[in-house]
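Listed next as structure tokens is one chain, alone, in the form predicted alone.
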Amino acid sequence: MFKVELLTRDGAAIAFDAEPSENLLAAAERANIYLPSSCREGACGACRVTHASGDIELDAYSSAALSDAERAAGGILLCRAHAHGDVALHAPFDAASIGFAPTPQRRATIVDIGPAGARAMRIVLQYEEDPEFGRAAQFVAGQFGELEIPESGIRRSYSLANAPNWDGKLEFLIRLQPGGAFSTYLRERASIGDALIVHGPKGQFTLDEASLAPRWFVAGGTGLAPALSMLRHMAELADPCPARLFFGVNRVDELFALDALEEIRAALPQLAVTICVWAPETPPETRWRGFAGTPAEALAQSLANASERPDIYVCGPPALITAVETVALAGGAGATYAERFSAA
């Protein structure tokens, strides 16, 4: 048994013991310390920290979650790391991001399901009444939940698209992955009335309420979900903060949630929306007349003409995250907050 010491961004020291046979995320949870994480399979990067000292061994992981440059700089993934001696770690998050109680698990029922463009689906769940948590859907806009198909062992993470509410409703926009276990369930078997187990809420991809900078959101595909959640939350509060959204898909027929965006714009009039289509070659009747390119390219053009340094909130596939982080750095943006998708 080895000692693990984790220093958070705001200076809090967290300690727990770890066996070489268990990864550091599991070791922390055995001590009732719930550190930020998502896929738990080395694919998303949500549990990335910096290794300061001690002997660490890493299981296999995706380079999208931890690049060679990040690994060379000391980066590790808690879900892939095993201690072989006392170790010290530095976390990129504050102590407030750490939980000290298990994540709630609640049953919910599918009350609406349907396509969202050509490659995604939208599902709406209704929480069942719970003796401990009641009926409300309590979370912070931008967080995600893990959806589990009962008695199947299939459990995947998806961002919430709606705002917290007392009705107990949860909305998800889910990209359909070819051969994906949860995607196959959605495509072939899911129907209204099905029960699912919701683990959550989880995640720290939320609004920085302390920042006075304009908020610019960049979304690739179903990465739109957390942006919708945060913008809906801003609309409910009549938040006056300047806001922009760059939403991109590969083809015109992949567009979705345009009605929802119009509803948000009506309630949040300072919001500017740029819809981007990367490969707009389509039949004449659906010819694209909007921005032709990626959301990162649209962001670069807008940053060049910006009078204020906006904070950037980006969610989507790893390639988009990397492109936006590069553009934000070169364009002089403020803070950048990112949530990577992993295939499910």
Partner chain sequence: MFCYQCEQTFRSDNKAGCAGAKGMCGKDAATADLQDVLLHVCEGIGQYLHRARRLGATDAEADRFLLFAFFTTLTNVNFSAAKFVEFIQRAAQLRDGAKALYEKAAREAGETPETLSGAAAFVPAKDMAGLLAQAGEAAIRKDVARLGEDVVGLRALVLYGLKGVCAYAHHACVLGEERDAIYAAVEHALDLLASEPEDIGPLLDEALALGRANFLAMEALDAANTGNFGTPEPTSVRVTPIKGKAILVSGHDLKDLHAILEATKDKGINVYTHGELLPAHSYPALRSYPHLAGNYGGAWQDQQKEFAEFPGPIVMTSNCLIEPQPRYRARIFTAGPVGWPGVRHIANEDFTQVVQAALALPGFAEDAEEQRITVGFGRAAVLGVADKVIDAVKSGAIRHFFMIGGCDGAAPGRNYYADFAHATPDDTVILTLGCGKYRFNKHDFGTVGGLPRLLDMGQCNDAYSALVVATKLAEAFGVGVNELPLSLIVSWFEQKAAAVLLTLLALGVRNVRLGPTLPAFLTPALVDVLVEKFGVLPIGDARADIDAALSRAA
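Residue numbers count along the first chain shown, from 1. Note that the structure is a prediction, hence the values are computed from the model and not measured.
The protein also exists as the form predicted together with its partner chain; that form is not presented, and the subsequent description refers to it.
The closest heavy atom approach of residue 236 to its partner chain in the predicted complex falls within 4.5 Å. A residue is said to contact a partner when one of its heavy atoms sits within 4.5 Å of a partner heavy atom; residue 212 meets this definition for its partner chain in the predicted complex. Interface membership of residue 164, defined by any non-hydrogen atom within 4.5 Å of its partner chain in the predicted complex, is confirmed. Using a 4.5 Å cutoff between non-hydrogen atoms, residue 158 does not count as a contact of its partner chain in the predicted complex. Checking 179, 193, 131, 114 against its partner chain in the predicted complex, a heavy atom within 4.5 Å turns up for just one residue: 131.
This chain is displayed alone, yet in the predicted complex one of 118, 88, 267, 96 has a heavy atom within 4.5 Å of its partner chain; that residue is 96. Only one segment in the set 185 to 193, 123 to 131, 255 to 263, 76 to 84 has any non-hydrogen atom within 4.5 angstroms of its partner chain in the predicted complex, and it is 123 to 131.
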